[in-house]
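This document opens with one chain alone, in structure tokens, the form predicted on its own.
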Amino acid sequence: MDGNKAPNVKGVDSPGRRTVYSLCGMCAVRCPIQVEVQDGRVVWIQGNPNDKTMGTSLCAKGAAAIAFENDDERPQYPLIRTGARGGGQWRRASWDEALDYIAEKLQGVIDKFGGKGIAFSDRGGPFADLQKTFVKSLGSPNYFNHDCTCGRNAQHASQSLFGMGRKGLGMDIKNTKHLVLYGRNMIESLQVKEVKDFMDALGKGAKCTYIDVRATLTASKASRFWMIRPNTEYALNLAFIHVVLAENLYDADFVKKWVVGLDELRESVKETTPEWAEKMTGVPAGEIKAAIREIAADRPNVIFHLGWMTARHRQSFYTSRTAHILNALMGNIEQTGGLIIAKGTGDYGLKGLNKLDQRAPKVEDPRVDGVGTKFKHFDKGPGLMHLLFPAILSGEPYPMGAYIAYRHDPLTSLPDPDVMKQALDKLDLIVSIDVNYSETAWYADVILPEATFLERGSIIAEKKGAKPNLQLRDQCISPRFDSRPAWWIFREILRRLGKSEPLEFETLEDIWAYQLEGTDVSLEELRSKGVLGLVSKEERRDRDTGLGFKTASGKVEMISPALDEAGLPSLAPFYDPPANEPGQFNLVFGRVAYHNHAHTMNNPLLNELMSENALWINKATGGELGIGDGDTIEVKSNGYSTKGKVRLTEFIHPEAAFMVHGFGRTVPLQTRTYGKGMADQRLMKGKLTSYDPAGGGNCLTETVISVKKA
């Protein structure tokens, strides 16, 4: 692209060598990085040494960012569809033409249905203030993110107990004495700072109990690993609580001050003995007793991980909720080595960033997914994406006309893409703004190429924690192609609709200046470090008088009024999942350390490390089915079938099968990954609207597949 036309930050085209501090964009973690630029080209990337925990460390995905930047197999200019949706027929358009086209279609939707007829989704994260402002400016309440397939169950579990979301309680992993993980594959999910804290803790003698249906790299680091029956970890937690209460292993002083509903909790677990749990989970009762006694001996420097990607089934909300109940019983709150209540600038008497969405008019319409109205027990902020599609199909509670996907790929991340396409086909407009040819982009009407994270700056992020900080994604280089940053794209669409006032800034520097106005932080100081701590000394809340839980009682509530109102139990009995027939397995999915969820499969370097996934099944079980390691197999589920390779291993439970997510791509322009491997989301046929009624997350791991040699 002609750099003079791009909305670049000042000085980005300066000759010679420059050091730029920014945030990685190769996955959703957004690690602080240091980027070396020589004459307009990125020549080196490492972790940002100004962040003490991060240091210069970088994962394989971050290291492959230069290969991604130099790759031509990504959207290079705006495209407008010319054939049928998904048919792959496009024509090149100028930015003006593409934006005019989108604005005309959006205006038509607004005229017919109002702004609420537009839906928007992204992957959440620290820059979401920008996207939310855009959606509010359109007059729509229908902002969604990816969280129904990520942390919704954990979010709602935390809210039901503490009145604060999952990010309201951070984990002091570095100083913990015992970490309990439920399928949280920390080593391969690979948040660099989290992994370094985990390894530091192990180096200092911490223990880790890891519970999963398969042995991951995290299991290899654990002091205890249980290969549990699929979807039964909730039963294990109920047995833990049974022993904690029966043997008085809990922190009586903390519970007396801060927990309400202990009698109801005690009643709910009176029958869930370790012997009962052994029948459900396959974990020996003696080991359950020994483990919880060992863990309790280390309280309060203990963490039961709330989980992001715990198994996804109709009771995974209760898995997360009971993990937090165990944290509360052991007094692991606001404790070194336990959970630390996240603080923002206001907690330290500082002024925070000015928010962009304060500039947008308030939207009064209800959400189309019913969150906040029909489903009052769910957090209505990002809603529940999977409920958007049945609303589009039915036209209830009101019709929808347009959908904008910003770096979000629901046709890959949500189950049953065929049903989603049926819904999308009822819309007048589908727009994808992305740096990749996602499956959703390929089904869109217009693709707008966003500049890569090295080619764009983002709004400043304010991050809560034990000590709050500011983080800056600075622009490192000019775009290679005719792409644009998101803030510019949103502003230009709003300008065409006469709604740009909330994002009416000429440059990104103008947005940064607005955000920082009134704070004690200068842009120069922030740019010089990339990450800026706002306080020097951590403050803890008073465990006797001031923990400040945001529930009605101000305490940890075993019985949630919100769940009561919704007709859902706070302390639910365990539902034993049905046994599978021979040759059938519960499908679970995950990732490896060198691929993110679904965006790196076509990366030139990372594709060399893994270009195709395989289905893991138990070695003995595979033998009984006449399947050999490396064979081609046919995998079926609910009328859908696919073929791929099998990996036989003793490191997976006989009732489970596993594959790495993100493969089975159908976009021919991604030549390295096109048509390779299997797509787990297509096997999840019929699961789009199957979700945990208390937590809202999709029941992904209730998918049952059958396997035979092809």
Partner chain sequence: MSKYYLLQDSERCIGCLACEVSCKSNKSLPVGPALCKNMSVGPVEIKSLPRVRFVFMPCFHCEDPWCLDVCPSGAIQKRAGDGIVFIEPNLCIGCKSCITACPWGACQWDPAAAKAVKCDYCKDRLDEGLKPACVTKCLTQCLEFGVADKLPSGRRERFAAQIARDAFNPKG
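The shown structure was predicted, so the numbers you read here are calculated from the model rather than taken from an experiment. Positions refer to the first chain, counted from 1.
In what follows, reference is made to the form predicted together with its partner chain, a form of this protein that is not presented.
Chemist: Of 510, 501, 608, 629, which residue is found within 4.5 angstroms of its partner chain in the model of the complex when only non-hydrogen atoms are counted?
Modeler: Partner contact (heavy atom, 4.5 Å) among the options: 608.
Chemist: Since exactly one of 207, 480, 174, 591 fits, which has a heavy atom within 4.5 Å of its partner chain in the model of the complex?
Modeler: Among 207, 480, 174, 591, a heavy atom within 4.5 Å of its partner chain in the model of the complex occurs only for 207.
Chemist: Determine which one of 183 to 191, 621 to 629, 391 to 399, 516 to 524 lies within 4.5 Å of its partner chain in the model of the complex, judging by heavy atom distances; exactly one does.
Modeler: In the other structure, the partner sits against 183 to 191.
Chemist: State yes or no: in the model of the complex, is some non-hydrogen atom of residue 83 no more than 4.5 angstroms from a non-hydrogen atom of its partner chain?
Modeler: Result no; residue 83 lies far from its partner chain in the model of the complex.
Chemist: If you check in the model of the complex, is residue 60 within 4.5 Å of its partner chain, heavy atoms only?
Modeler: Contact check for residue 60: yes, within 4.5 Å of its partner chain in the model of the complex.
Chemist: Residue 582: heavy atom within 4.5 Å of its partner chain in the model of the complex?
Modeler: Answer no; every heavy atom of residue 582 is more than 4.5 Å from its partner chain in the model of the complex.
Chemist: Counting only non-hydrogen atoms and a 4.5 angstroms cut-off, does residue 74 reach its partner chain in the model of the complex?
Modeler: Heavy-atom contact with its partner chain at 4.5 Å: absent for residue 74.
Chemist: Only counting heavy atoms and a 4.5 Å limit, does any residue of 641 to 658 reach its partner chain in the model of the complex, and if so which ones?
Modeler: Stretch hits, in order: 647, 651.
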